[in-house]
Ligand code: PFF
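First, one chain by itself: the form predicted alone, in structure tokens.
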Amino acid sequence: MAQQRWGSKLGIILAVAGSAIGLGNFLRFPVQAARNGGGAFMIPYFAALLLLGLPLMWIEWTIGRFGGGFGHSTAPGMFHTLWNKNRFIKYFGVIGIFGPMVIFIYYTYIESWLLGYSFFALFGKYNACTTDQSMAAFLQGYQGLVKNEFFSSIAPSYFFFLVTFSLNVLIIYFGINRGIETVCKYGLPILFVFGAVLVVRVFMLGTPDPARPENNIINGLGFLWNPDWSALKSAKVWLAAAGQIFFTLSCGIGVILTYASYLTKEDDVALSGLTAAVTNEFAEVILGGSIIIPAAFAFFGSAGVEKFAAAGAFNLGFVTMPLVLQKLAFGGIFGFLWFMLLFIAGITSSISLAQPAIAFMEDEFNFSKKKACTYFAVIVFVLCQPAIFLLGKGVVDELDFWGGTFCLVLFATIETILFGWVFGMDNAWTQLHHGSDITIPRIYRFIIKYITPAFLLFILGFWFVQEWVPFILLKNVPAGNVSYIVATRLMLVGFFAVLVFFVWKAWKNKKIRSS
């Protein structure tokens, strides 16, 4: 099968940026910043970006382009290429297919809520909800968690899931150039326009209630950005910042490896990786930090924002923001812009999550695009069902931990050690700068080899010491959810084992063909 290629340098940069720019930029980031010292959070945040985020971006772009030169677009083949003397290393690469698929099976359902809410905003479906309690009840009814006056069944939610799932599969079917690249080239500019409109409108709020002059946009920005320096003494804040960098840049998932594999050997990875990271940071820090928290502060004050932030990112996006926007003139239009912005951010991320599995079937089993997409759609559609119908049983949280947290850190640790220590920094540095449009500061040789893996090993070690035993023994899981969590873990173990088998099968077939 002929190797796929990106249509332009801008296309690959926007595709990687699109993978990174997701719900975390607009929902998770402001909550993390507000909870962890406000402006002080940005110190460990930017430290993590420089010591963890940028090195991992360059590592993954370089490994991806290098592996693509040997006909591999996924981590098992790339890891084997980096360390071909070790016959087991390819199985560690399975995490780079497993993780994205696990995230995909719950992320698309959450993404579909945004599509539904875009229409609800336009047609005033939730206009009768004027309190956070009624808006939360609307969300729970839509999710199928309860039956109430808003929704009598999960049917509306399931309809939007089917539309969203089908749209994802359709984009993937059209391939790298006509599908993913096209969507990102048009989708990201639209996202930034919607974001800019919302930021301008939020800044125009001023002081909505003259009786409470302290509730204004300036103080709202201050709530998010004024530093609580004492927070820097807490290891929890530093870990939260590192986790946000992981979450926001899509590092450690395997997606960037696959995207970069479609580059030619002469294509730049140094400047492209930096540009993709900067684009994501603009979306997160400038746009994400200027919409939801300042707007909520202007209407509900400090106590209200603290309450909403404590309730979590989803409540902030689906409860607080609709309440804020419907207080404005043309609130339905602004509500549509908000939820459509999030939907675009979601779909540019979810299509990237599907690509490693598609690429694995195409590369290692010579499947056609149609056949690979069909297999992927059927398997993942079945796996999506527990996330939809068992949402209230903790299944999504469990999937998010293994796919969106643990696997990210573990995979990033493995690929960083492979890159800097097994492949070797001399080879790594040469590959990183081959065809490069910039020269990366030499200090990053030291950072990539020593600081980044040490940072990652610290995060893993810290979690094992503090969280491993109670997490594995389900200490904090409600009794009624235990059986569902155990079943979810068994499903994930079985799914991982199946992927390991197919990697083994692919290499066995190669040996047969070469003999």
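Quick note: we count residues from 1 along the sequence shown, nothing fancier. Note that the coordinates shown come from a computational prediction; the quantities given were computed from them, not determined experimentally.
FYI, the form predicted together with the ligand isn't displayed, but the following is about it.
The shortest heavy atom separation between residue 355 and the ligand in the predicted bound form exceeds 4.5 Å. Contact between residue 108 and the ligand in the predicted bound form is not found at the 4.5 Å heavy atom cutoff.
Taking non-hydrogen atoms only, residue 20 approaches the ligand to within 4.5 angstroms in the predicted bound form.
Residue contact with the ligand in the predicted bound form: residue 380 places no heavy atom within 4.5 Å of it.
With the partner left out here, the ligand still marks one of 129-137, 382-390, 242-250, 155-163 in the predicted bound form; by a 4.5 Å heavy atom cut-off that stretch is 242-250.
Comment: the ligand is not present in this chain, but in the predicted bound form one of 103, 205, 309, 198 has a heavy atom within 4.5 Å of it, namely 103. Proximity to the ligand in the predicted bound form, defined as a heavy atom within 4.5 Å, holds among 292, 255, 298, 276 only for 255. Within 4.5 angstroms of the ligand in the predicted bound form, the stretch 24-39 places a non-hydrogen atom from each of 24, 25, taken in sequence order.
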